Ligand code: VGL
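To begin, one chain is listed below as structure tokens, in the form predicted on its own.
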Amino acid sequence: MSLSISPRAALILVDVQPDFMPGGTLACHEGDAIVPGIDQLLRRRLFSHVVATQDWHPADHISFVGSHPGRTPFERIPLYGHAQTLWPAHCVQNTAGAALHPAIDWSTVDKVIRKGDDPRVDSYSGFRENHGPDGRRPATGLAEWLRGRGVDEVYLCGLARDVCVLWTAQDAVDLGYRTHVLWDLTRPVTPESDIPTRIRFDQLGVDVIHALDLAHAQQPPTSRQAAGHSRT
């Protein structure tokens, strides 16, 4: 299968950060394996719009197990009426583990969306934070940015397949975007989650594809402008 990339499509790179890779504090299974493919994909400049999300937590974040004395990593507790996993501290602001991965050329990225910087609220999806104390899920600004550029279709890759990529896909579908996941350019926290994650994508109507499906794709007819990239 070979796909045609619409000029109204965006590539969203979810949390491609060292802390989610081997040697990091919250390593995904084979998380570093996606780095060469993502770098190659970005260098091909297939997408008119490219966004990266970046976990960006304060050191005392509520999702960190260290913020809950007596608890253990990956334990689940109730928080604001929802289940909260207690994670090892990861992607702490201004640390090397929170940086966008240095082996990738990020110069073609138009926008970086930082998430999880409220110490009271966890954040998985690129579109919305998790439920906060008021019961709402605050927007990250990603949907507004995409709307301003006429985007109606998104392609997702990154980490972790079973958490942040999945939540981003769920919100993308909910917001009306045609949604694709580049399966081989994602990795899970644990591979045992792959079957339920794939079932969930099918239930959502998410198109699961591989980077090879883009092998013969062409650059969109409207050329991407190097000037005017908005990095935050």
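Model, not experiment: these values are computed from the prediction. From 1 onward, residues are counted along the sequence shown.
The protein also exists as the form predicted in complex with pyrazine-2-carboxylic acid; that form is not presented, and the subsequent description refers to it.
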item	value
Residue 164: touches pyrazine-2-carboxylic acid in the predicted complex, heavy atom cutoff 4.5 angstroms	yes
Partner contact for residue 38 in the predicted complex: pyrazine-2-carboxylic acid, 4.5 angstroms, heavy atom	no
4.5 Å heavy atom contact, residue 26 to pyrazine-2-carboxylic acid in the predicted complex	yes
Close approach of residue 156 to pyrazine-2-carboxylic acid in the predicted complex, 4.5 Å, heavy atom	no
Residue stretch of 101-109, 75-83, 156-164, 136-144 approaching pyrazine-2-carboxylic acid in the predicted complex, non-hydrogen atom distance within 4.5 Å	156-164
Residues in 14-52 close to pyrazine-2-carboxylic acid in the predicted complex, defined by a heavy atom within 4.5 Å, in order	15, 20, 26
